[in-house]
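Shown here is one chain on its own, the form predicted alone, set out as structure tokens.
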């Protein structure tokens, strides 16, 4: 049997540990480094950035990272697969090419960039053709918010990633691919799996699900005896050792922190899980109840037996739209009677807002340190709380009303209960709310427009 293909996770979200990809390269041999930057909220942030500057809209910290690691990746034959392209993958690819040239990889590296997931230019035509893009939960048609839509991107599967790798790409950059595709795309490429080999593809999806959140599979954010996990300041990220028959092992570099155990891997497997018998991706539907998991010790977990079925006729669309404005302000109250002071301050503030005639879609009051996590389940506050933070947030369509709210927090310092100890950051900022609209679309009107372009460093 040929040696396993080692696919290392180096990023779980935009803003994750910047040194993790470097540690994955330096910690031992790997074949692929996969970097997952995107979430629904991330797409919204990137779209807001592109609206201000058409040259951005991607994970900009990916570029200096590539400049740093490009020479080693080329020298050691490590391929990088990432959805860092966000809502502007071509701009991201061009920036990476320039980074590669600065790093001395000119003439030795190729970047494959996947485009076609962005539906904004086609949106009106699609709606006119009867693709209503109904909200997956409310069933409301997208037409209800069409005038406020800021971005619309389809979740792509692994096919264009495989095409890019087959075309000789050392770095593959996508827009809104599924998180799992970054891992099972290389598996399909390396093992030449056919697209109707549903069990093999489903195993790849499970491997991708383990990798997609970075250190969450190696002890990060782990509730299972988290205090026993060693060296978390140098936590190792997961590595999938994939085999042609669909079995794989999860491990990490020797000497790195954290742990790979049945418990850490199982916690990641149930993350963001709906129906475990039908985990839907663009290329296959995976049955997570068929996973056979064995803890082999020594930071190694074996997974086998995964079964899958055909994909659905649809692809998921991630739409971001403007949904008004918000602002959040906070004050800290000290003992004695910290919680009572905070609640009194909230009542005073609400009366002042009402007197000013300010109306909001929602006013949220939280007492951090007492009820912000568990709400009414927290019960009555203990009398000896040393301090609590009063946090008040408002949301509404009227920007001027939200802006006026931001001026009403600070006066509580001298016109409300005593012992305010913190008013950090000054007046709260008004922020635009970019909301998420999930929908489904017939895949036949999307997939013909997916394409891969190649740029040479």
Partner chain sequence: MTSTMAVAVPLLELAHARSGDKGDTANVGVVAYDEEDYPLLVEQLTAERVKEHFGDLVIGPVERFELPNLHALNFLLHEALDGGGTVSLMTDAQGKVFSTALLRMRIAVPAEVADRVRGRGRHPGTATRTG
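Positions refer to the first chain, counted from 1. This structure is a prediction, so every number in the text was calculated from the model and none was measured.
Missing here is the form predicted together with the partner chain; even so, the following discussion is about that form.
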{"item": "Among the candidates 90, 293, 356, 348, the residue which, in the predicted bound form, approaches the partner chain to within 4.5 Å (heavy atoms)", "value": "293"}
{"item": "Contact residue in the predicted bound form, chosen from 256, 251, 285, 268 - any heavy atom within 4.5 Å of the partner chain", "value": "268"}
{"item": "Segment assignment from 77 to 85, 220 to 228, 184 to 192, 118 to 126: heavy atom within 4.5 Å of the partner chain in the predicted bound form", "value": "220 to 228"}
{"item": "Heavy atom of residue 108 within 4.5 Å of the partner chain in the predicted bound form", "value": "no"}
{"item": "4.5 Å heavy atom contact, residue 366 to the partner chain in the predicted bound form", "value": "yes"}
{"item": "The partner chain contact at residue 330 in the predicted bound form, heavy atom, 4.5 Å", "value": "no"}
{"item": "Heavy atom of residue 134 within 4.5 Å of the partner chain in the predicted bound form", "value": "no"}
{"item": "Triple contact flag 274, 375 and 378 to the partner chain in the predicted bound form, non-hydrogen atom at 4.5 angstroms", "value": "yes"}
